[in-house]
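Heads up, the chain below is alone and in the form predicted on its own; it's given as structure tokens.
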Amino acid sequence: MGNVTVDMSMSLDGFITGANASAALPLGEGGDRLHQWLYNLESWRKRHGMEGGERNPDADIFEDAFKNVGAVVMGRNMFNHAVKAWGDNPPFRVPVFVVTHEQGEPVTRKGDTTFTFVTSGFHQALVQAKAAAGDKDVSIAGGANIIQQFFSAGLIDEIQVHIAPILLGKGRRLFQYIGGQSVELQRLWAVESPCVSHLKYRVVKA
């Protein structure tokens, strides 16, 4: 069975979106700067249906982050804010389970992405995602609230963060609410590049 993982770009002061995120501004005010390191990478452009781009260690790390993902879990806010920007060919290419209070029929897009709405809580979304993923990983895509719920429940196995060299000052912090408990991490590796720092950890469990 695969791992339950988180992979996020984050500011040095801990934010994964800027303030006032919405469908019109999915990453919030200034949040687009968190992802500047991605936009000209060959692997990012390919996953978004574009050609060209740079091939470098950042591109390899981005590509590797998706290699073993068999399913994705996200919150309804992330879906609502970003679904228009993703368009008809979202970058996931695997089943996506959306944790929500609102029932809805599955939404199918190109590239094997189907959004299934789960109204019975994040635990049940994970059950369904693991069944879909088989031996592959389940990625908890966001937003911050759903990631924090998984952390608080002790369900995250690995986390990769890409530290952008900016201070956003406000927005949604990744680790702001994780139940007040201490979490021990084992560093797996760290990679520096000119525009971002990549850190990967395994969550140490008793």
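For every residue, the number given is its place in the sequence shown, counted from 1. Just so we're clear, the structure is a prediction, and the values are computed from it rather than from any experiment.
Keep in mind that the form predicted in complex with another copy of the chain is not shown, yet the notes after this line are about it.
Annotated contacts: Gly49, Ala59 and Val73 are all free of another copy of the chain in the predicted complex [non-hydrogen atom within 4.5 angstroms]. Proximity to another copy of the chain in the predicted complex, taken as heavy atoms within 4.5 Å, picks out 167 to 175 from the listed stretches 167 to 175, 139 to 147, 41 to 49, 65 to 73. When contacts are judged by a 4.5 Å heavy atom cut-off, Trp37 does not count as touching another copy of the chain in the predicted complex. At the 4.5 Å threshold, heavy atoms of Leu199 reach another copy of the chain in the predicted complex.
Within 4.5 Å of any heavy atom of another copy of the chain in the predicted complex lies no heavy atom of Ile16. Residue contact with another copy of the chain in the predicted complex: Val161 places a heavy atom within 4.5 Å of it. If you take 182 to 198 and check each residue for a heavy atom within 4.5 Å of another copy of the chain in the predicted complex, you get Ser182, Val183, Glu184, Leu185, Arg187, Trp189, Ala190, Glu192, Ser193, Pro194, Val196, Ser197, in sequence order.
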